[in-house]
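In the block that follows, a single chain appears as structure tokens, in the form predicted alone.
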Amino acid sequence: MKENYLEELFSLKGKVALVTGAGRGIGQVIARDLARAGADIAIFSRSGAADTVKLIEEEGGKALDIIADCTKEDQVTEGFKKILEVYGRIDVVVNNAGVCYHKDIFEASVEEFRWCLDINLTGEYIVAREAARIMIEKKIAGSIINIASMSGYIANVPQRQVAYNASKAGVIHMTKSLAVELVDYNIRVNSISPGYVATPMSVDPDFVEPELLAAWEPLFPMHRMAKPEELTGAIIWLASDASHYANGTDILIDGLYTAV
């Protein structure tokens, strides 16, 4: 056996990976770690990802910043055209872009409900579909990784977020369904379901009510939220050749939250 067998198995050298919503937060960490594993990176975001590109390039990696709204089919199609122009292929997709709001069923409008599902579920579908078209055309054994959530399994408390919970449950089952449809093309589709992750959107009082943070704290079996980088090991595994037999699965990374 080669001495570098495991290194090659988990390496992403020669692969091109798209990460959506990677301008900040979890997406930025995912993109950076995929680049560290050897992948060339493309990013879809609505507001640009210059900071992420800079971080990757400073570490010797390659990154491409593409302005694209994942809910708009034409923008996604044009975004993939740019990826092909620059890199010539797409091997990995990480569907990370997502939103959440905290309103109960009577406070939230139908428009807000649709907005949340459109970004969290329909957007992932559009990106996965367009990536699969290219992978099939170029006969690429691709890996599509959808970001779901433990909220696809539970109704979080005390906040009210029915649209988010429903959208993430949809992502988990969409993942299984897409895996079945694409298996004969040698394209794998999997998802990960994080618990609470310590990003500005979940710990900064400017974004989250202090009373909500105080309510969450005693509910963590591991007494803390996850760090964003604690998600990337699973993503690199799913993106690499080490996970060839993993298909249609969801990996729950919630620090025991849903187990107790």
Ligand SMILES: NC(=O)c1ccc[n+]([C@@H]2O[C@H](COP(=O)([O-])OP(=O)(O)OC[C@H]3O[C@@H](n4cnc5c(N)ncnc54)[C@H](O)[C@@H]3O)[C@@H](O)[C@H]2O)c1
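Don't overthink the numbering: it's just position in the shown sequence, from 1. These figures come from a predicted structure and were not determined experimentally.
Form predicted together with this ligand: not shown, discussed below.
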query: One residue of A68, A39, I235, I56 in contact with this ligand, assessed in the predicted bound form (non-hydrogen atom, 4.5 angstroms); finding: A68
query: Interface membership of I147, this ligand in the predicted bound form, 4.5 Å heavy atom rule; finding: yes
query: Interface membership of K168, this ligand in the predicted bound form, 4.5 Å heavy atom rule; finding: yes
query: Contact flag, I126 vs this ligand in the predicted bound form, heavy atom cut 4.5 Å; finding: no
query: Partner contact for V197 in the predicted bound form: this ligand, 4.5 angstroms, heavy atom; finding: yes
query: Stretch in contact, per heavy atom within 4.5 angstroms of this ligand in the predicted bound form, of 77 to 85, 94 to 102, 181 to 189, 135 to 143; finding: 94 to 102
query: Partner contacts for 41 to 60, taking this ligand in the predicted bound form and a 4.5 Å heavy atom cut-off; finding: F44, S45, R46
